[in-house]
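The data below hold one chain only, encoded as structure tokens and taken in the form predicted alone.
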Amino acid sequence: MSFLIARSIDDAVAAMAQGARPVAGGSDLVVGARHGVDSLPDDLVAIDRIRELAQIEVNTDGCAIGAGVTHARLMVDETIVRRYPGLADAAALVGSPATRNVGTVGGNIMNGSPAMDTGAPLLVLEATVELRSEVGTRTLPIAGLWTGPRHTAASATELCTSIFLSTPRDRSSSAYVRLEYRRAMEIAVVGAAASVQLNDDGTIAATKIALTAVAPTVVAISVDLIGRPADEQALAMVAAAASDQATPISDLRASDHYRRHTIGVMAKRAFDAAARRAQGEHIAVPVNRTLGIGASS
């Protein structure tokens, strides 16, 4: 095995062009190898010391999050918590404190797991992803990144360098919640994210809802709530749409029937929290802990 420490993005993509696989925190890589999901690659290029990948840059258009930004930073960054709280909710639930301190948002989304926590909030926030190789740079909507379980649209020579989020509109917010059996080192049984924008009269101007761990990829669902108040009827419609449009499987962690029921509950709670935040209510990150959702210890 060869191991190269890249000092720049150019160094990293040059190594990837020769067959090296990028690694930052390595949390997914190590776990996958231990469980036989994937073998360790012959060549690795470490990207955790590339400063450009560890930056969060804010301008009038939005926010560019470097792919090397850790979950621990995302969950407390003032801009992320204020503007994109759904992403902070998700980052705060990833793995354990040790995992959050080394694991990165780029690694999470490029792993391609349908159970990833950051995927659903990034989907409802309409994120775009930058991919760079020796050939050039391209961007794509995050909805087009995931092509199947643990598969992405990126080639083996493309490095995810950043994720871009547009400036949120007035009277809008987001939230992410998940069902969990325990509070640490847990993979989402089901999870849901919602973004909600309200009109001045409190009715719904726009909303997006995405589901975790109930389809081959993180998936958005469709429910017509425009012009409706964010009331109990709207919550019931969200729950029904999530349960109806999910396509879960049964595995050791939960049956398809159980997932189909609980995803409706999680989607309703995510939508409710996002709408309440959009109305100006302070719900601290993460929603799971603040509202007592999921495991108690």
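The model shown is predicted, which means the values in this text are computed figures rather than measured ones. Position 1 is the first residue in the sequence shown; the rest follow in order.
Another form exists, predicted in complex with a small molecule; not displayed. Remarks below refer to it.
ask   = Only one of L225, M110, I80, L125 has a non-hydrogen atom within 4.5 angstroms of the small molecule in the predicted complex; which is it?
value = Checking each option against the small molecule in the predicted complex, the one that comes within 4.5 Å is M110.
request  = Could you tell me which one of V190, A88, A194, M116 places a heavy atom within 4.5 Å of the small molecule in the predicted complex?
outcome  = Only one listed residue qualifies here, and that residue is M116.
key: Contact segment among 139 to 147, 154 to 162, 80 to 88, 200 to 208, judged by heavy atoms lying within 4.5 Å of the small molecule in the predicted complex   = Answer to the contact question: 154 to 162.
ask   = Is the gap between A67 and the small molecule in the predicted complex 4.5 Å or less for some heavy atom pair?
value = Residue-level check for A67: yes, a contact with the small molecule.
query = in the predicted complex, does S133 have a heavy atom within 4.5 Å of the small molecule?
reply = Flag for S133 set to no.
Exercise: L93 in contact with the small molecule in the predicted complex, heavy atom 4.5 Å = Yes, L93 is a contact residue.
ask   = Does G106 reach the small molecule in the predicted complex, with heavy atoms at most 4.5 Å apart?
value = G106 belongs to the contact set for the small molecule.
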